[in-house]
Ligand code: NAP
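Given next, in structure tokens, is a single chain: the form predicted alone.
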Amino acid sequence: MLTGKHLIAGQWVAGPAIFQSSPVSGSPDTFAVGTNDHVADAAAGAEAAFPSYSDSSRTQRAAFLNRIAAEIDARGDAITAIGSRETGLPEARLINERGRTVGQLELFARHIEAGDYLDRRHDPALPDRQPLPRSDLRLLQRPLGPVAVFGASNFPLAFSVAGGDTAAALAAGCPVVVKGHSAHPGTGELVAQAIDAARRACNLHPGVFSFVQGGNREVGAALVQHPLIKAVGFTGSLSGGRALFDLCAQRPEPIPFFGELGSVNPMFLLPAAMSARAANIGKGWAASLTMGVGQFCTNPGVAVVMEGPDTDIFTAAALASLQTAAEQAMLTEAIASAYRQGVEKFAQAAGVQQLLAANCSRRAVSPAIHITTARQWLANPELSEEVFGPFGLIVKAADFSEMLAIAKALHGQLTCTLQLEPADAEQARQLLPILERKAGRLLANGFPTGVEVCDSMVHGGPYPASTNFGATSVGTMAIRRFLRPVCYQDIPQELLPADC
């Protein structure tokens, strides 16, 4: 079923070089390497498609999204099989992720048909107003133009070829060029085949979607710098995302870069909650920390506690849950290597005690837990950096004032969590205004791993969690990233967009 080729404006094309996948099991597959010429052709196709696709009706775009969902489901078994082989993720996880991806497409279809996202406003003309008349003014959100999307390593479906960025851009009326991730090229191609089948079934311009297989960083740079690309969606590392973000800003015409780059998602464990259920919180943290081998952007990597016997109970419960954890394969050898290096860095840091050492082989790893004090954490900024994987750091505060100091010192996060009981209300009341300036999502008495796809979700936050704190990459508000407001003054009705 695999061609090993790129999908460029409706055509499957090869290239001058090839690469092989690195599956956890089975034989590798061969794929064409993306080039700058592929990027240029895909961008030109997207621009050619923009006039007709941006002017298509909401009903037409909703039908396209629904058909993509159906085509992905029709290939479900094949996608699960190759996705599991390429990434090492369990079949059940990939089936659930496919359900989320399909559900998101269908949700976006319903949302755009309702039309509320357009934020339509109309101030009728007041020709007799004194001292000056007012023109007829209408505001409408309109598509930006062709959008570049970078597939994520940790979510081969929900944040990749047909994931949230692609679904949001297509819903908004923007053609999409996806740069696939080399960690799961076969999965990416099967999903691209599904989108192309949906595009053909809906009789849309072939340039509305293109898929370029993973190339080197030069290809990614060429994509974000191409003058026909008008916005970028990215999920990945802080270093890679920041480099692309800077390139977007340095263009002759700077464009928005919607990047999700990293987060340690701290939890603040308040005294009454610890007194009532320290052991259960420890077990829950361990389960959240290791879900998907810790390869979730909302992995709660830091637990902030106050010194005392309840902290010892919490720590013992977490360790008991983690000590028997077997090694599990990470998504790529490079991710496993970065995890190993991150764990080693913390083990060697001053004032940090290793409670549970990680076992790391070529691609498989086990959890690691370290502990430090609030003073050490505040004095050493490197202790607040993310280690991508099943890594946890316990930060012990001497008192609540140190806990507040930690909250104030946080960089931008995707999530912050409070574990609290009614007796903790006053301390929570002091923390909450601080934390809402630090994160896009605040939780009470839960764990942040897992993101609900719905109208009210915010998956983003202040830098470095994301590069645009006013946006979300999950939920229906994600569509707004790829629209811009246009005001129509005294434009004749017959010339206005149909949605006005």
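Throughout, we count residues from 1 along the sequence that is shown. Only a predicted model underlies this, so the values are computations on that prediction, with no experimental measurement involved.
In what follows, reference is made to the form predicted together with this ligand, a form of this protein that is not presented.
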query: Site test, Ala278, Trp285 and Gly392 vs this ligand in the predicted complex, non-hydrogen atom cutoff 4.5 Å; finding: no
query: One residue of Cys202, Ala81, Ala221, Ala316 in contact with this ligand, assessed in the predicted complex (non-hydrogen atom, 4.5 angstroms); finding: Ala221
query: Residue among Phe234, Phe268, Phe211, Phe108 with a heavy atom within 4.5 Å of this ligand in the predicted complex; finding: Phe234
query: Segment assignment from 320 to 328, 129 to 137, 361 to 369, 257 to 265: heavy atom within 4.5 Å of this ligand in the predicted complex; finding: 257 to 265
query: Contact label in the predicted complex: Val147 to this ligand, heavy atom within 4.5 Å; finding: no
query: Contact label in the predicted complex: Gly240 to this ligand, heavy atom within 4.5 Å; finding: yes
query: Contact label in the predicted complex: His38 to this ligand, heavy atom within 4.5 Å; finding: no
query: Any non-hydrogen atom of Val302 within 4.5 angstroms of this ligand in the predicted complex; finding: no
query: In the predicted complex, residues of 163 to 200 near this ligand [heavy atom within 4.5 Å]; finding: Lys179, Gly180, His181, Ser182
